[in-house]
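Next up is one chain by itself, shown in structure tokens, the form predicted on its own.
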């Protein structure tokens, strides 16, 4: 098939490859909707597990559905000792995202029945992944420090329990509340790179653990996850609010990217960034200020008159790192935290892909050599 005349779009930019009812983004108005519900309302009124249920099953749960869902997740938080022993063999210098990808994929060995047409199998897979991914992230953090992982506590909520396993101490209710809202904000965002990776993998009808592992591997790339780490590094480099203007001027002259600014979907300030800024201020009011927040505000103030005209505003990564830092989360865990949240969206897309599946098989435009004749080795 000759497709040389077809309009080529690198990275499939702007080309629809599926239909979805999970997430809608209005980049002009700055709106993000999960199943028709505004992200601002969900962040204010919902919980992460309730939002995950909404994304995956399509509707907000009833009281009994939510109670059962929460109980099931609580029951499956623990890891097999074999998974823990495997993680203890990982190099302590390894990146947590690599540890998470390997650990998530290993679940397929323990739950290897690929009966994805069985609703009970699908439900259990959803429960296991949402329950165990946070435990894996927290476990590797302690293992790489030479310590044994902390067992989950059944008396703590989803977010409280994760912070407890990670920091080895029970957290202030405000910290858990803010963290839960962060999970809601990062849970889904349409067909981004990791979600597309999840859907491509799902289209082969492999198991959901491979689907999530492929998505984690995609998220680990610096062009997708990890930007909030770079924001913190940038702010520390600027150091004080007084340096913000000169930093911006130099960055624009050298065409260097301002980390945390700009998004392919939004032409206004990312609604998640607005919410995260408010959450950061709540934390600072309770637990003390972060000097880098003043740098961030000043840089935004200087950048908006210049970059705003081009539709470049703060995105979700701009303030999230400051929130995580105040919660005591190490910088190289920012992206694994992203994965804890986004697994809800990945699983929602996994289920949707199964509902009307067609394996992804895009075409290409060949740019290699024409037909050539093979030459013996001694004639090359």
Ligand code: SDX
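Positions refer to the first chain, counted from 1. Here the structure is a predicted model, which means the values were calculated and not measured.
The protein also exists as the form predicted together with s-citryldethia Coenzyme A; that form is not presented, and the subsequent description refers to it.
Proximity to s-citryldethia Coenzyme A in the model of the complex, defined as a heavy atom within 4.5 Å, holds among 33, 327, 354, 312 only for 312. Among 119, 173, 91, 222, the residue placing a heavy atom within 4.5 Å of s-citryldethia Coenzyme A in the model of the complex is 222. Stretch 257-265 is the contacting one of 83-91, 149-157, 100-108, 257-265, since its residues have non-hydrogen atoms within 4.5 Å of s-citryldethia Coenzyme A in the model of the complex. Within this chain, residue 167 is remote from the site of s-citryldethia Coenzyme A in the model of the complex, having no heavy atom within 4.5 Å.
Interface membership of residue 274, defined by any non-hydrogen atom within 4.5 Å of s-citryldethia Coenzyme A in the model of the complex, is ruled out.
Interface membership of residue 338, defined by any non-hydrogen atom within 4.5 Å of s-citryldethia Coenzyme A in the model of the complex, is confirmed. Though the partner is left out of this view, residue 206 does not reach within 4.5 Å of s-citryldethia Coenzyme A in the model of the complex, counting heavy atoms only. Contact residues in stretch 183-209 (any heavy atom within 4.5 Å of s-citryldethia Coenzyme A, taken in the model of the complex) are 189, 192.
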